[in-house]
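One protein chain, two forms: both are listed below as structure tokens, the first as structure 1 and the second as structure 2.
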Structure 1
Amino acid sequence: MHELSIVAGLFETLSAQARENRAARITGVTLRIGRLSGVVPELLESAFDMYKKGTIAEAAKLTVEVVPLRVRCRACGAERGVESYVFLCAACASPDLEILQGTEMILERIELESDDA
């Protein structure tokens, strides 16, 4: 389960950002995960929930936004979303496709709170 190592790396970033911003708590984290990234959102959420116990992010809510797969045909220039894993251009049937989105993993947002009034 490589999601646990991803979460461990994520928590390094979260902790550094919390320190840098003098935050007392992390209350929310939003990730954008591409459909073809190799990350299973449910396993990532489970690993996050296990890892956050006893940390500055113990009460944090993880939101995972799944980014759909989108391709462009290099032969004819057509762009489209891909629902099934048939990698042929719908317009010209060329297999020469460029992936435009759907492989990314982005830390989109961190919500921090401080104890300051």
Structure 2
Amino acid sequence: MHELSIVAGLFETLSAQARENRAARITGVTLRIGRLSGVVPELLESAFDMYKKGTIAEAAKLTVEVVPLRVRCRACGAERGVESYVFLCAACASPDLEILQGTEMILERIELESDDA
């Protein structure tokens, strides 16, 4: 389970962001997690809830957007989603595919609160 070490890294970014923006609290965190990123959204959520206690993101709500896998064929240009992990172009059978999305693991956006005006 490497979700915990990913969340540990996430919290380093979160506290840096809070400092930079002079925020008192982080109230929302949105992640974009690819279907083939290698992490399980549910485990990420549990790790986040475990980790946030006593941090600046103690009351933060975590939103995980799961990104489906999409590829483009470099031979014929066809674009499509990938089900059941068959990495061959459905149009021309070329194996030369570019992954457009679905492997990412990204902190997309955070919501911050500050006490001063």
Partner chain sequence: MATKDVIVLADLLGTNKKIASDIRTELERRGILAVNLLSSPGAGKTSLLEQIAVRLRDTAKMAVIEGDIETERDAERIRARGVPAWQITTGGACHLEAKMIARVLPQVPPESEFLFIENVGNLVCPASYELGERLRFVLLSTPEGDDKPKKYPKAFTTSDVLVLTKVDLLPYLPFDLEKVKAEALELNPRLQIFVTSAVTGQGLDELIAFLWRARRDLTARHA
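FYI, numbering is relative to structure 1, first residue = 1. Note that the rigid core is defined as the largest set of C-alphas that superpose within 1.5 Å between two forms. The structure displayed is predicted, hence computed values, not measured ones.
The form predicted alone corresponds to structure 1; structure 2 is the other form.
For D96, a C-alpha deviation of 2 angstroms or more is recorded between the two structures after rigid-core alignment.
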